[in-house]
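Quick heads-up: it's one chain on its own, the form predicted alone, in structure tokens.
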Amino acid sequence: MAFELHYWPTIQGRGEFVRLALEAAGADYIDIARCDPPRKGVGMPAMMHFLDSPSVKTPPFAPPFLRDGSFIVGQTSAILLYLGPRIGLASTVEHKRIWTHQLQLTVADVVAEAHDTHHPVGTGLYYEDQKKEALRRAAEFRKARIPKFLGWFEQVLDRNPASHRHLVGARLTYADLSLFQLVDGLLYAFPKATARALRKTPHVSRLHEAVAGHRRLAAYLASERRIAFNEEGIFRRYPELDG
């Protein structure tokens, strides 16, 4: 039975971290809300059923969430913790599996901070309503947080005894894919600041390039299945925020 990925159909967002894992593994999955034309069991109504229906006893808070048969798991990091060993993108050895999860949670921290550069006051407000605060928040993110986070991932790669090309062990894991997506998003939203940080983190830069060249992912990234970055998602390009 195919995995069901439920996420908004017009943005990469947090769902893209799950898509990358499914695509890299060659897993059988259905991107439910993006199915066109909508029919029974697919499309936005199918996704909203799991969010709104009283019949769903363990409702996810928000997309993304994954359905595997009768089992539903939400939250990007939890989805990947569940998926990883099942699709060959995480070790079944507990300490390696939890280390991979820790790396993913750190990626999630950066993603949240990147989002808050353009919505520092409230998610219900337009960017234009909080532009002054966004300029201040983005300056600190560019100067301190991007270098700090990418510097930490650089240390992880450098200290991996099995391979400087991977975050965990000597094989591709979902943590590598998520670091690729993080860097890709930062290059879109903060191209100048991220380029400066990458010059000081060569292992991170090489991982980003290597993942982009992965056979299955290269095909996915060049396909229509890869939604382009846009100003409705997490990573948004406002040139004034890049300093």
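All figures in this text were calculated on a predicted structure; none of them were measured in a lab. Numbering starts at 1 and runs along the sequence shown.
The protein also exists as the form predicted in complex with a further copy of the same chain; that form is not presented, and the subsequent description refers to it.
K.L.:
Should Lys57 be classed as touching a further copy of the same chain in the predicted bound form when contacts are defined as heavy atoms within 4.5 Å?
P.N.:
Residue-level check for Lys57: yes, a contact with a further copy of the same chain.
K.L.:
Is there a heavy atom of Val156 no more than 4.5 Å from a heavy atom of a further copy of the same chain in the predicted bound form?
P.N.:
Val156 belongs to the contact set for a further copy of the same chain.
K.L.:
Consider Gly88 of the chain shown here, and say whether it contacts a further copy of the same chain in the predicted bound form, taking contact as heavy atoms within 4.5 Å.
P.N.:
Because no heavy atom of Gly88 falls inside 4.5 Å of a further copy of the same chain in the predicted bound form, the answer is no.
K.L.:
At 4.5 Å between heavy atoms, is Asp52 in contact with a further copy of the same chain in the predicted bound form?
P.N.:
Taking the distances in the predicted bound form, the answer for Asp52 is yes, it comes within 4.5 Å of a further copy of the same chain.
K.L.:
When you measure heavy atoms, are Leu182, Thr201 and Phe235 every one within 4.5 angstroms of a further copy of the same chain in the predicted bound form?
P.N.:
Checking in the predicted bound form: none of Leu182, Thr201 and Phe235 is within 4.5 Å of a further copy of the same chain.
K.L.:
Using a 4.5 Å heavy atom cutoff, which residues in 170 to 192 contact a further copy of the same chain in the predicted bound form? It's fine if the answer is none.
P.N.:
The stretch does not touch the partner at all.
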